[in-house]
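Given as structure tokens, the chain that follows is alone and in the form predicted alone.
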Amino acid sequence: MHAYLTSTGLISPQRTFENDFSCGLQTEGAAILPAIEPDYRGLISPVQLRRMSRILKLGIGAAQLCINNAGGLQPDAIIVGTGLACVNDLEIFLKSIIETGEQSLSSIPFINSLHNTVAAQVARILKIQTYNNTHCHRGASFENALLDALMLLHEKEHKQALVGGIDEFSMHYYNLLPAKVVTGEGAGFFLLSHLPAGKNSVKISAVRTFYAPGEDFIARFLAEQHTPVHQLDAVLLGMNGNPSDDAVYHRLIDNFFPPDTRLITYKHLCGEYHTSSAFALALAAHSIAAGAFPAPAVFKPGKSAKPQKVLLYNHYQNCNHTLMLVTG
């Protein structure tokens, strides 16, 4: 199963809402990378905007950016992946339960705390009453949403699927992470089609998720796609600064990938969050279309050919492992 990328809308700790990775990427060593938000007034009605929580602004803003970049093309399905969803609204609601003794509770934080809030509100604003689903599976949430979209498009009952990955920063989540991990947030939406949008369309060739896999799972994945490892033009790795997490990637660098493999990292640009692979997909798609990766993302230059076959590999606490093969 595969799909073609029609357009992208990304709000992240970089100025990616301008649809450009080529300049101004910030790599300062901050411990927290908050999203740089656009002027939502051009994306969301001011009447709706003043009542929205921040994660809704991020999600709906990114979804509208994606639709605008596709020339207003409307999707047949909306699928969102999220690890913690509207966690800050949930914290507000739980705190109010404790402080008021379960009396005089406002229903708004509870309504806004549900995991499917973003997908539902995107559908309401876009007036789309078709397939709508939210996947919540820690570090594999976005990839599960992508798999859902690939199956829908493969069945050819839906022509366009809007797929998103979104998580917001939470101080409670930040305090649970190891000290060296840079924490981030972001919302990335992609309009996928079973037909190419043009001659230079970027294709999501395959997506897989694994739980505590064996040593050879990447080799088996590439064999299924008839793509020998030496044919990869670049590999995106989800290094996050935690030595135990990064050791998984370093073992692959030392023992599996050829010495001339171009290696790209991205979490120093967007931070660690459950659906950070949505940022990685947008980075890969942009770089394939542009013919080069932005310099701040390059971990090891490797081969100099224009990127046409790119492997994205990420893992969450060495349990949830995900792979995406993106081709030009």
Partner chain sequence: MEKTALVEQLKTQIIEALLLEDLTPNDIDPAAPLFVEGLGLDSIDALELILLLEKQYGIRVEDPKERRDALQSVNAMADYILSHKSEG
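Here the structure is a predicted model, which is why all the values come from computation and not from measurement. Positions refer to the first chain, counted from 1.
The same protein has a further form, the form predicted in complex with its partner chain, not shown here; the description that follows concerns it.
At least one heavy atom of L105 is located within 4.5 Å of its partner chain in the model of the complex. Residue contact check for A219: none of its heavy atoms lie within 4.5 Å of its partner chain in the model of the complex.
Taking the partner from elsewhere, M171 is found to have every heavy atom lying beyond 4.5 Å of its partner chain in the model of the complex. Although the partner is absent here, L195 sits far enough away that none of its heavy atoms falls within 4.5 Å of its partner chain in the model of the complex. None of M151, A212, A247, I111 but one reaches within 4.5 angstroms of its partner chain in the model of the complex through a heavy atom, and that residue is I111. Contact with its partner chain in the model of the complex, defined as any heavy atom within 4.5 Å, is confined among 268 to 276, 61 to 69, 47 to 55, 296 to 304 to 47 to 55.
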